[in-house]
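This text opens with one protein chain seen in two forms, each one given by itself as structure tokens under the names structure 1 and structure 2.
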Structure 1
């Protein structure tokens, strides 16, 4: 997952990479110093500059105005709770990154002497980017082939250590300001591997310190399954398992003009005879006043649907979500008996074997 810039910079600083002096501000009434400042929205999404989330301010009045404008606004659907306010750095603007190149099965080191927001316009020739093995010596050698600037190489070596030790997917500094006093990171785009969090306790603390910014990642860490809130004002609560099938359902419902609140991969194989996980999800869904219908879609290859049907009934009894209608599509192992049992236990639930009619019914309820 993408870290907000201030968290990314905390990691850079920890590994000895210089960053501008700055403060994280969440209060629009804060009195800025009488000096030029850069104000940047702290959101976990890229492209914020073009979306109005960055302001160059010449004095305190401008800084205050920028904070008033950006704090509380929304950048690409992400509410801005805090801004990083920094002293502007100076120097030549360069681009430096280390990333996983999944296709090549290697790391990719990129250095562009003219960085900045238009960096995408550069064709990535071998003079600008190199593939290398995932070790410090290879990364350092790759960067040495791209630049002979000692300050950049120094930052690159530290970034390599950070990238490998923290098991990152992407570490990008754009711009990297290079001047007579060395190199300083003007921005930080660090992408963590959510699967490595269990053995990266430092990262876990970093995320918890800013819990409101990383709800999906922390929820996965704490609960052991994936629940992603897509539309807090949606009308459909999804009880689904499997990432691909759940994504497809969200796509198909949205294409029909219906709005799912969430994506869910509950992992039925891990329920172990307890409705607790289902109840947790129903509780989160019940917090949305816009919820109109619950849509259960479980394709069970291995899980016994008879057991799942009982867990579902128990969970709905514990948390009925205000009694909204429930549509359940159960297919796979033991599903015929499961459907019959559920129909007898909960005659109010609309039960289906096939996906299409169940989607149609959900769309009706949601409309």
Structure 2
């Protein structure tokens, strides 16, 4: 889970890494100082600069104009409710990162002497990255093989401590400004491991302090399953289980020009005879005025589909989502009996066994 830059920089600062002086501003009428400032949209997405979410301002008038333009806008589907306004940093722009490489079973340390917005053009150069074990000494040794710059090495050592203690998946500074007075982090891209949050009370406190920015992570913390909003203006609400199957379904729908609101892995094995989780999902989906159809796609090996069908009916009774049509595809353990029971109990639900006709019906309702 990606932190917004201001929260990422707060963690960098906590571990002794220098960052520019800055304030988080949510009011476009704020009076900035008469000095150059950088205005940055605070959204949980990369590529803000190319999307118009970053502005270098020469004076107070330009800073206010940038705030007025960026606040309330949308960056890659994310509404901008706040901006980080900070003093510009100077120096040679570098790139520094530590990331978890699950495929290699190691950490990957990368240093690129030419950082900035076009850093991707260098990203595949093998000489710029090293694999290492997940300990501070190994990370320090990997970075020493990549650069002899003392300022970069010092930042890298502190970044290693942060990465390991906070159990991160990615810690990236781009650009890292390096000059005569040392190094300063011009940006911060820190990705938390959602599965480690229960061991990181400081991270949980940070998320709850900015709850509006991290709704998906907090849902998982509080509810125990994954619900990710993909398109707040989408028309299809998904009730699905299995991360891979759910992502496949999202791909199938978007390939047909449809617009799913959410990704969901409801984890049917943890329903435990209660419709509570399903009701919560229906409540979240019902908040979207654009919702036009509910698509239930459950492929179960262990879960008894007959029990799931009864829980689904109970959930829809408790939260009917404005009466939008429901398409249900139930496949797996007890699915034939489940489909028969659901057809009798809820004849208004379109019930399918095969994927293609179910998607076709969903597309019909969503059009």
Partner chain sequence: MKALAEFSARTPVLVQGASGRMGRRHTQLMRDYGTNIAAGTSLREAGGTIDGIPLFTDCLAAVRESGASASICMVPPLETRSAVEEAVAAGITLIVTIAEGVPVHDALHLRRLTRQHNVTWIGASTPGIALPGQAKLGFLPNVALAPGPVALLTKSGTLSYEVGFRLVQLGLGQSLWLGVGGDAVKGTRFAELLPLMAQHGPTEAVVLIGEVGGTEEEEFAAALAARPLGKPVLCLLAGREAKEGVAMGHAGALIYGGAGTLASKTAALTAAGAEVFATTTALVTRCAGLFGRLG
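For the two forms, the rigid core is made up of the largest set of C-alpha atoms that agree within 1.5 Å on superposition. Residue numbers count along the first chain shown, from 1. Note that this is a predicted model, so its numbers are computed, not measured.
Looking at the two shown chains, say which is the form predicted together with its partner chain.
It is the first structure (the form predicted together with its partner chain) rather than the second.
Of the candidates 221, 191, 141, 267, which marks the hinge of the rigid-body movement between structure 1 and structure 2?
Among 221, 191, 141, 267, only 221 lies at a hinge between structure 1 and structure 2.
Relative rigid-part rotation, degrees, compared between structure 1 and structure 2
Turning angle of the smaller piece versus the larger: 7 degrees.
Shift in Å of the C-alpha at residue 248 between structure 1 and structure 2 after core superposition
After core superposition, the C-alpha of residue 248 moves 3.5 Å between structure 1 and structure 2.
Inter-form CA displacement between structure 1 and structure 2 at residue 324 - rigid core frame, Å
Displacement of the alpha carbon, after core fit: 4.2 Å.
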